[in-house]
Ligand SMILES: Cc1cc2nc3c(=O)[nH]c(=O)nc-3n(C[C@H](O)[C@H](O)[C@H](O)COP(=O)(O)OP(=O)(O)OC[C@H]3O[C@@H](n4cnc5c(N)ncnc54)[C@H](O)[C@@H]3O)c2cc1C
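Here you get one chain, nothing else, as C-alpha cells; it is the form predicted on its own.
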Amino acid sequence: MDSAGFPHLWHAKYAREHARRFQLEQIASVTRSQAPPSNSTSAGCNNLHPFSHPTPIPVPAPILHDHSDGLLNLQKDAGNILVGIVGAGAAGLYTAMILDDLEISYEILESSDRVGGRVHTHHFPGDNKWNYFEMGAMRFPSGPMMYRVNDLLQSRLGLGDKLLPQLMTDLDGNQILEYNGIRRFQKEVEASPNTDWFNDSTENGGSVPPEFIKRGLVDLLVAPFAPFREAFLESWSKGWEMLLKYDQHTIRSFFGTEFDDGFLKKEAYPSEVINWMEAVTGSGVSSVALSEIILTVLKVDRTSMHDWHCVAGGSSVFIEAMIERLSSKPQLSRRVTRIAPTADPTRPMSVAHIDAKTNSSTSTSTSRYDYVISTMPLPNLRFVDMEKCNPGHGQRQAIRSLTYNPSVKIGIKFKSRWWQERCGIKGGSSRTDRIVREVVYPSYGIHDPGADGVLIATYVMAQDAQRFASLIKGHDTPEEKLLIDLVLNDLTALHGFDDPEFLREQYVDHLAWNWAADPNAAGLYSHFLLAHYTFACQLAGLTGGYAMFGPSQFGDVYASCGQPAAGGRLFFAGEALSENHAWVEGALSSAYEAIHKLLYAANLEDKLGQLRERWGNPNLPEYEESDMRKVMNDQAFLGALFSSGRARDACAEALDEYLFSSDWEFVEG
C-alpha cells in the first residue's frame, strides 16, 4: 500500500528508502566482485564490499553463527545477556526502560556529572516554583509524528498532570517583531502579511524588489514546496523520484535557482530576497538540506501541531522520572575512551572508560558486555577508539562530517515579570534582527502573581550563535558582563523602553549556555528549532524542529549508522539516527530501533515479539510497521556481516544463505 495519503509517514519512508538503496549497493558490491588471487595482499573483504576490515571479529553476533565457526553453542538466553549503554540522555534512558521491561540486564555509562543529555533545565538559586528556564528541549507537540514522547510523558511516566500548554504565540497578540529598527506587534503583521512593515522594499530604501514583498514571506517560503506535496500525494514513487532529483540542494541554492526541467518549474529568487528571508529565519540557516526542510514541512499536521506542551518544573522532570524507574542507575562521570571486541565468548565486548573529572588514563576501568548501544551524539564518537569494531566507510564519514549546528541560550532572572506587567506579553516569543534574535517568554506561571521573572532572553543558532559564543567566558568575566549589557540594551529597544537602566535595575542573575562548548555534546547542539523556520512558517501554521543536515547527509547517515558494527555487537542510537532528528521523539525512536536490531542479531525472537507488543507504535499502519521491521532486520544482518571481518567468499556464502533462507527479510528496491 502507498503512503501517499499519510504525510506524517513520508520522512520515515524516505529514511527507509535510503537504507534500501544502501543495502542493495552493499549486496551488489559482493556479488559482482571477483575474488583476488590467494597470494594477493588484498585478499579478504578489503576491496570487495563497502567496508575494509583486516581483523575478524572473534565472537560475532549469533545471527552469523554457523557450523563452521564452532560458535553455535554460544547462543544466550535473554536472562544471561548484559548490555552496555553509552550515554544517559533521553535515548540512553529510554533504552534502559525498554530493556528493564524485557528483563535484559544493562549498565549505563555517562560522561557528564548529570543525566539528561540535551534535556537540561537550569534552576536559579531559590525554591520558588517557576524559578527556571530550559537550556535544551523545552516544548513538546502532540500529533501522530510525536507518539513516543507523548506516550512516555503521559502513559509510562504518569506526568499528564504536569503538562502545561506551551504558548507558541502570546495570548493577546502583543509579542513584538523588530527589523531594521522598526517595531511592530505581531498581530499587526499577521493582519496584513503582504505589507512592507519593515521598509525592506527598494521602494522604501531597502534591497528587496517590491513584488516579492507583496507576495509575502509565507508564500515565498512555502510555495516552492507545493509541487513536492502534489507529487507525494499522487504517489510515493513520484514524490521520492522528485525529491531525490533535488537532494543535492541546500535551501539557498534551491531558492536561488530557476527550474524548468519537466519535474519542476519555478523562478529563481534574487540573493537580496534570500538574505531578507534569512533575516527572519536566522543567519546561515539556508545551508540546511532542501530535502530535510521539504519533508518536515510537508509532514507537519497543521491542526495537531498547534497543541504544544511544556513540563511544569522543567523538562528535566521527565528525565528524573525515567531514572526513578530504572533498576540500574547510570554511572556518572565515566568517559568512554575505547570500544572493542574480545575473544571472550562470555562477554565479547570491552568498553574502557575513565574518570571524566580528571580525564586521567590512570583512572581507566574496563567493563565487559555482550552488546553495546552507543547513544552518544555521533561527533562524540570521534573521541572514542572503535578501530577494532570495524566501522564501515559510511559510518566513519558520518562521524567525521555530519552537520549539526551551534546553539546559544541565555536565561535571565529579573525581579519581576516586567514583560507581562508593562508590555502585556503572556507567552510566545518576540523576534528581531538584533543580536538577541529571539526572546522566549515562559508559558508557565502566567496566572501566578508571585511567579519568578525568568525568561530566555536570547535563543540563537547557526552563525548568530557563533558570534555570541565568543563572549560566553564565565559568569563574572569581563566578556560575559559585556554580553549581558548588550542583551539588556537589546531587550530595552525591542520592548520600547526609553532607558536600559530599568532592566539593569531589574536584573538579578543569568546563565549563558553555549552548546558548542559542552564537551559532552562534542561542540554541537542538535535540538535545532529551525522550528523557527520561523515566524513566517508559524503564520502559515507550520512549526517544527529540524536538524541542520547538509545535502544528502541524512540518507547517508541513517543508512550507514543504522547498521551495527563489531559483527553485530555494537549498535548506534540517538536523535540524529531517526527521521525525527532534532526532537526528543527522534531519540526515543532510535532507541527502540537499536533494541530491535540487537534482539534480531541475538536471535531472541520471543523478545522481539514482546518489544513490538509492549513498545511498538500502535498508530502505525500494519504495512508501515512490517516494512520498517524488514528494513531493521536487514540492517542488523548486513551490518553484522560486513563488519565481521570475514573473507569475501565467506561473506558471499553467508549472504546467499540469508537471501535464500525462509528468514529472508530484504525489501526489494
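Position 1 is the first residue in the sequence shown; the rest follow in order. Because the structure is predicted, anything quoted here is derived from the model rather than measured.
Although it is not shown, the form predicted in complex with the named molecule is what the next lines describe.
With the partner left out here, the named molecule still marks one of 270-278, 104-112, 234-242, 593-601 in the predicted complex; by a 4.5 Å heavy atom cut-off that stretch is 104-112. Residue in contact with the named molecule in the predicted complex (any heavy atom within 4.5 Å), chosen from Met138, Ile425, Ala462, Leu153: Met138. Scanning Asn520, Thr492, Thr432, Ser142 against the named molecule in the predicted complex with a 4.5 Å heavy atom cut-off leaves one residue, Asn520. The closest non-hydrogen atom of Gly116 lies within 4.5 Å of the named molecule in the predicted complex. In the predicted complex, the named molecule lies farther than 4.5 Å from every heavy atom of Arg569. Remark: Gly562 does not count among the residues lining the named molecule in the predicted complex, judged by a heavy atom distance of 4.5 Å or less. Interface residue remark: Arg437 is not counted as part of the site for the named molecule in the predicted complex, having no heavy atom within 4.5 Å. Scanning 77-91 for heavy atoms within 4.5 Å of the named molecule in the predicted complex gives Val86, Gly87, Ala88, Gly89, Ala90, Ala91 in sequence order.
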